[in-house]
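Coming up is one lone chain in structure tokens, specifically the form predicted on its own.
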């Protein structure tokens, strides 16, 4: 197993003192136990320190002399103090442990000046104890390197206890020697079954009421991701969103939400009984992409609905579009509105300045992250981060129990523990590599002359031009219109000929997701595949645009009320294959979600209009068969469940 390399950055503008500290720390590193490969390097100015922090992902700690000042090229004092340098280090890489070297006589003054900054400890200059300094710095690194739950799980598995409890495979014994299913045991590996344990094991704590190693792991995650509290979810971010909704919202409470939110958000509206105010997403019809809600729309909605309980947005979107969150969150908080950000696709952002600020850093009260999507956790493993100053921990815990299995998969919890450790210790270095590979791949795709990696200005609509929207460069949307293949054909070609599976597609794009696991070899194989297809020079297909998504219509009933009706099923198309006029004016009981892009066209409680019906009919007739969730097939006809007239009359209508 490879051994880590770690560095302590010593910052001191006195050359002799700098050399002495670096020399002493490195002598300690050679003579003491050094499992993390710690070594000290020195710089003589704040500007050099910042440059090192920005480029060297192996720097895990900084030791800053409190008397630091900086000189520009002309020798003038620029007065970048130790306090300001600490602030810059925290802004660039909050995971780095920062220590200050001080005079005993000035202790109170220095500590007071740094009280509001993130400082991990102080050393007295007079003591000159490099071995003691090394031990303390190493202990701080060891704290970040801990994986309390994973370590406990591994220890328990290696104890090889006989299992007289669930699960039924009993550490794999039911499969190991089976003539029928032993191949599954062999394929998965013995530890997959050894680590699949029951809540009957006290030393592994309880996800539902953690007091031991799970609680410890969650505290480490909260510190790493900049949250007051963090909770592990083994049911994905979908469940995280629903838990937050049921904690914050009571039936009838008003919720502002982006229509482009994940369908779990719309499910959460039904479960909580909230009254949603749907905000139309921006649309790019050329590429069939839906983006953020325009800032003006958001700010107007906040002003128009100061009685709203919460606002939820998705940032970044599936296609990598990020809101300029600080002014939006500030406007919501000014009205007392809680802010929830679905960061399912952005859980790595804390660990590289190119992606920050994160939702929590921008002031959000809650953030949900699919750790499995973009970091090294197993599928379904997610985190819920809380910074709400009014957080109701008991209420949250009750809702958490309502949605979480009493038999969680321990391997998922361990993977969250490990993913946090990796992000904290090498996230910056890995993300720097990912950014470099993303830039390289974009250039290579554009060099084919056929495929084009879309830039921010290609992806956003004119309505977002002045909204401060940014693009996550690790999500690459490729325009394939000139290659002569439909998106379905291109995906099959990439998979069958080149062994490549892409993330998703629209009628004229495919999307590529780069992560901390992306390698140069993978990038080379992908580029080779696109170049070979480009050289085949198939004639371009006729241009096509996505039918325009109708603006969101009115709600006649609460989504929860409409959803829980028995309803009736009416066909979308009549006997002459035309939009069924009998649906116009009726109230939907189910959500209808074409995928991609996954935006509900219809939600429960919504009035069906002629424009909406025409749009759905167009999707059914499309030569590219869309996956449409929410429709039900009766015979050979696609039907929509609607509220019956009698049910509608018996329910309380929403005020306009």
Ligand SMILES: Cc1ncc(COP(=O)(O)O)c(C=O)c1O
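Residue numbers count along the first chain shown, from 1. Computed from a prediction, not measured in an experiment: that's the story for all the values here.
Same protein, other form: the form predicted together with the named molecule, not shown, and the subject of what follows.
Does the named molecule come within 4.5 Å of a heavy atom in each of 262, 342 and 595 in the predicted bound form?
Heavy-atom distance to the named molecule in the predicted bound form: all three under 4.5 Å.
Looking at 370, 138, 282, 218, which has any heavy atom no more than 4.5 Å from the named molecule in the predicted bound form?
Flagged contact: 370.
230, 487, 238, 424: which sits within 4.5 Å of the named molecule in the predicted bound form by any heavy atom?
None of the other options qualify; the answer is 238.
Given the stretches 387-395, 506-514, 174-182, 370-378, which is the single one in contact with the named molecule in the predicted bound form, using a heavy atom cutoff of 4.5 Å?
So the stretch in question is 370-378.
Within 4.5 Å, heavy atoms only: does residue 246 come near the named molecule in the predicted bound form?
Looking in the predicted bound form, residue contacts with the named molecule do not include residue 246, since no heavy atom lies within 4.5 Å.
Quick one: is residue 314 in contact with the named molecule in the predicted bound form, heavy atoms, 4.5 Å cut-off?
Result yes; residue 314 sits at the interface with the named molecule in the predicted bound form.
Which residues from 129-158 come close to the named molecule in the predicted bound form, meaning a heavy atom within 4.5 Å?
Contacts from 129-158: none.
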